[in-house]
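Take a look at this one chain, the form predicted alone, written out in structure tokens.
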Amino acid sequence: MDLGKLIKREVLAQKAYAAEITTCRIKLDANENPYPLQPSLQEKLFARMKDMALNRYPDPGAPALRKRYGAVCGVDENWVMTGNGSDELIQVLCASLARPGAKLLIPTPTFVMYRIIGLNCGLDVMECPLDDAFDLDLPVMLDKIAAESPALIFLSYPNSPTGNCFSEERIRAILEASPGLVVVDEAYCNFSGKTFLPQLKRFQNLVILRTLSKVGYAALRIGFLLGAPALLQELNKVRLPYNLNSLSQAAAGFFLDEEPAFLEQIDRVVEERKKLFAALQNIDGIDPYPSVANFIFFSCARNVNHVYEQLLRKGILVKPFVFPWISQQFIRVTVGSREENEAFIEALKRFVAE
């Protein structure tokens, strides 16, 4: 069997996403909430799940959850789709729009799954480097839109890994210029307090992605897509019928019931982000960039792979970034608990000073 002749060239030409399991005592690489659910809330959640009929399929399309989440967002259930994390919803979008010759436009650096899923689905992926302030390079993107008519554009808001929100005016200009869908991925909106939700009914080509992974449910894989009902009617033809399992549907409903407790943890993360940013500013050779997400992106005068390895030897896991078009090297660190952040700063000081 010749796999080279059987598998698509787009798949053969890339590497799998490196979601590796690395043993460490302090995990600051995946933008997770560092705080577990309070024991009393865990008991309430597990009690809700206890009598669930595991021999039955989940509600297809999660209608009750869609209705509740839509009400929170100011729309009815026909504007909402649920997914097995936002990754699955990205895949549904890419698969639905991957006509022969269709193009996907993304800024870079950004969330790597846009590119990976786009390629896997057969889209022609175009990349546009961010400007020096890590904002959208609007003239270049508008030129690409005019010349290539991309079917799909992904904009992470706030952006990962840089942590900033792109200019609202530039996103609106892209929405107005694009003949295709513009997806504003609001995975970190709980930390930024910013959203394009008020624009949803103004722009027919606007799609918003949300997730509960960053607010404490990373293990449960719960995502939401918001868009025009006519679009969702077509996307639902691609979505698998039982894509969100019963336990996750129940957990999402529990989140809506107990949202203040979850948001209290978000406030703690934001406070720790401020302290972590200030601590990074005080280390020679480290230049942190302002963040409105639950992580901080910073440049490092030392070789970041060396710093990464030294931190890992101390049981601290972060995410290094090296881009061939940028001379600087970077590290992204998730905002952890106060104790985790302090341990990270002390170790980083030592290794950068070496």
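Computed from a predicted structure; not experimentally measured. The first residue of the shown sequence is 1; numbering continues from there.
The following text describes the form predicted in complex with a small molecule, which does not appear among the structures shown.
Residue contact with the small molecule in the model of the complex: N243 places no heavy atom within 4.5 Å of it.
Mapping the unseen interface onto this chain, A187 counts among the residues with a heavy atom inside 4.5 Å of the small molecule in the model of the complex. At a distance threshold of 4.5 angstroms between non-hydrogen atoms, E77 is out of contact with the small molecule in the model of the complex.
Contact check for R239: no non-hydrogen atom falls within 4.5 Å of the small molecule in the model of the complex. Distance criterion of 4.5 Å from any heavy atom to the small molecule in the model of the complex singles out S213 from the list S213, T82, Q91, N164. Per the 4.5 Å heavy atom criterion, the small molecule in the model of the complex is contacted by stretch 111-119, the sole one of 260-268, 111-119, 226-234, 171-179. Using a 4.5 Å cut-off to the small molecule in the model of the complex, not one of K275, S291 and E342 places a heavy atom inside that distance.
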